[in-house]
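A lone chain, given as C-alpha cells: the form predicted on its own.
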Amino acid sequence: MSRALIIGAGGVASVVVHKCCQNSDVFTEICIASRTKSKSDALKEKLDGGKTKITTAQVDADNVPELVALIKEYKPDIVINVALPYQDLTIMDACLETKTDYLDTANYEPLDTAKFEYKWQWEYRDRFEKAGITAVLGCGFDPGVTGVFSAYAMKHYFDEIHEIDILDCNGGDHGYPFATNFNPEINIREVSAKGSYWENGDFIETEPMEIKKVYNFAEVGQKDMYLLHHEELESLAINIKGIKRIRFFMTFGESYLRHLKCLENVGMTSIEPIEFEGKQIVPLQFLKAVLPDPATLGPRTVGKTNIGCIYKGVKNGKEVTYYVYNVCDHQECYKEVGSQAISYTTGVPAMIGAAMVLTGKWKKPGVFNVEEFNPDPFMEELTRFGLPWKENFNPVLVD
C-alpha cells in the first residue's frame, strides 16, 4: 500500500501516471499536482477506474509552504518531481520539512544561468540523512538509466571502467521545420550552452556543437551526433571506479541546427530579460510560447530512439568493451500512453525508481545518484515496463 505525489502534468508526468497505474501493486494511490489543476484533472480522467486511486491538486511548485501543506494533507510515501528543474530545491525543501522521500529526473538549474550542476542538490545530503529520508536524483533516461547501465556494467563485466561514451540518438521525425521533443526552454538552454567532457579528473570545455561524430545506430541508421555537456558526467566521474574519460553525444538533424543557429543569431535563445512594450520578457521563454508544445508531437512523430552507453575497461587484466542500449519506437509509445518516445523514456524510469524506493530496494537515508544503488532489480523492471535493453560485446567505438 503506497501513495505517491506526482508534481507536474506535462508529457513526462503523463507517462509516469500511466506507468504507476500499470504498477498498481506498488502504487495503490497517486495524486497529480500541478500549477494548472485542469491539466491534472485531464490526466485523471484518462486513467480513472483502474486499481490505482487517482486524485488531483493545485500547487505552485515554487512555493515551499504550499508544497508542505499539500504533502501534509495527502501524506505521500514519495514525491515524484516531474516539474521543471528550476523547482527541484523548493520541492526538496518541502520533502525535508515533511520527512518524505523524493525523486526527480533532472538536476537543479537556476533560472538566470544555463548551468547544469549537482552541487546545489548534493548540499542536501547531510540534512536528508539526518531526516532519515531518501532522495534519488536524475532518474530519467539520461541522466538515469545511463547511470543504472553504468552500475550494471561495473557490477557484472568490469573490474575498472576507463572510458564511457553516452550516445543519445533520436531518429524520430515530427514533420515540423523546428520543434523540440521536450520542454523547449530546457532543451535549447542545454544545446546552446558550451559543451564539455570529463578527462583525467577535469572538465574540458568546448564551444557549442564544436565536436561532431558520425555513428551508425541499430534500428535507426547513420546519424550526426554532437558532444554536449550533460549532468551525469559529473556523478559518474565520482562513482565509477577507474574512470579516465566520459563523453556525452546527442544526434541533431541539419534542419534543427540551421533553425537553432538562426534563432541564436537574432537573440531569441537568450535568457537575459529585455524590455518589450513596457514589460520585462525573456526571449527564450517567448520562443517557448510560440513553438509547438512537445506534448502535441506524439501523434505525428514516427521513427525510433536509440540511447545507450559504450564502455571500455578491464576485467581480470584483459581489455573489455561493452555497449548496452535501448531502442524505443515513437508510434508504439503513442499507442500505449499517448506520448512520444522522449517523454516515454524519461517517465518509465522515474516510475521504476520510485517503485525501487517504495519497495525498499533503493531505500537509504541521504541524497544519491542512481548509479549508487543496486542496478539489477531496476534493469529487470526496465524490460517489464517497456524499455527492454540490448547488449553488444564487440561494439563499434566512437573515434
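All residue numbers are counted from 1 along the displayed sequence. On a predicted model such as this, the values are computed, not experimentally measured, just so you know.
Although it is not shown, the form predicted together with a small molecule is what the next lines describe.
Residues of just one listed stretch (142-150, 157-165, 271-279, 316-324) have heavy atoms within 4.5 Å of the small molecule in the predicted complex: 142-150. Comment: the small molecule is not present in this chain, but in the predicted complex one of Phe182, Phe249, Phe128, Tyr215 has a heavy atom within 4.5 Å of it, namely Phe182. This chain appears without its partner; in the predicted complex, the one residue of Leu263, Leu291, Ile186, Val302 with a heavy atom within 4.5 Å of the small molecule is Ile186. Mapping the unseen interface onto this chain, Gly10 counts among the residues with a heavy atom inside 4.5 Å of the small molecule in the predicted complex. Contact check for Thr359: every heavy atom lies farther than 4.5 Å from the small molecule in the predicted complex. Val59 belongs to the set of residues with a heavy atom inside 4.5 Å of the small molecule in the predicted complex. Remark: Val79 does not count among the residues lining the small molecule in the predicted complex, judged by a heavy atom distance of 4.5 Å or less.
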